[in-house]
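Only one chain is given next, in structure tokens, and it is the form predicted alone.
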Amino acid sequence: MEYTYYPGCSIKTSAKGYEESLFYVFKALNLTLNEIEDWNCCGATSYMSTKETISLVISARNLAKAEKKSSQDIVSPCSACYTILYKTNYIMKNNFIMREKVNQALRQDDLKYNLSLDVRHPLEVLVNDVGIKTISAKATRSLTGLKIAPYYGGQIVRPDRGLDDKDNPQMMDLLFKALGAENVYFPLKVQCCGGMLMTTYPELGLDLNRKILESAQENGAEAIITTCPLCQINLEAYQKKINKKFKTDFNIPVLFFTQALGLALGGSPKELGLNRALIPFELKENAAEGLK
């Protein structure tokens, strides 16, 4: 199976380990990602809050570029990029007036979006197109003994997209349970990490992340598994600041879900970008046979 790949900016910079592990996992499962040529920033959420038409043009350019090349579904691993592209696609398909305005602007770049594509997240692709049973059958390393807190964040299941339950999503839970990991009780699995509040309102951002880390630690998680680059960096990179401010002792590894999945599929830490982590992660000895 082949898909069109929209990486987004963070995947190419601060979240390289996400892309490395994503490509490893897809290759191991005989899936192909074809990157959009000359893609641009999705526009992120800031554009949506300032000028909707401009934000849609910025985002729709990627849809039009992808469609011009292929009819394959677009896979976007970044939660923000996925959300923006999905929203743009939905508006273009359901709002005739906005569609005409956006396509009028796209014609300046010799482009037009004809509404033929779907925007998908790699987690959903893996669970629905490949299947948990197939993935489990291809696993070469057990995650038995690993206690994880699957963290979805506040974007990929909201608003009602049908991707998963918006209050208690289960895709990661079921996937990693099948691979031997133990999903700890984690009621904050969809609570927002604060996103860019870490830079605009750091006091609030630090407290939001403290609560997520606290929930994971109190329930015995040895690692937090996430689908979002911004969530990952907020939860991992700010633990020292959170410890200093709140007198806590967090030292919890925060992995991309593709890194944990890649380990089960036989990948090495370097192949999966785990060498880039600020907080090291190691599988327990009984699960890490062959891990180098």
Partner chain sequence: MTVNVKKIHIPGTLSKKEKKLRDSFLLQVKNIPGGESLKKCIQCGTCTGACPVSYMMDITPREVIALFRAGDIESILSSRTIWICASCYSCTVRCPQGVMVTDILYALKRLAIENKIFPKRFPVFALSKSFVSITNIFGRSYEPGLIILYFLRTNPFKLLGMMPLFIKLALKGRIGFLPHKIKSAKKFSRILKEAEVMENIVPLQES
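Numbering follows the first chain given and starts at 1. All figures in this text were calculated on a predicted structure; none of them were measured in a lab.
The same protein also exists as the form predicted together with the partner chain; that form is not shown, yet it is the one meant from here on.
Residue 158 is the only one of 112, 158, 147, 141 with a heavy atom lying within 4.5 Å of the partner chain in the model of the complex.
This chain is drawn without the partner chain; in the model of the complex, the residue among 128, 71, 104, 134 with a heavy atom within 4.5 Å of it is 104. Heavy atoms within 4.5 Å of the partner chain in the model of the complex are found in one stretch of 219-227, 26-34, 260-268, 232-240, which is 232-240. The shortest heavy atom separation between residue 95 and the partner chain in the model of the complex is within 4.5 Å. Looking at residue 207, you'd find a heavy atom of it within 4.5 angstroms of the partner chain in the model of the complex. Looking at residue 39, you'd find a heavy atom of it within 4.5 angstroms of the partner chain in the model of the complex. Residue contact check for residue 185: none of its heavy atoms lie within 4.5 Å of the partner chain in the model of the complex. Although the partner chain is not shown here, in the model of the complex the stretch 186-212 places heavy atoms of 191, 192, 194, 196, 197, 199, 200, 201, 203, 204, 207, 208, 211 within 4.5 Å of it, in sequence order.
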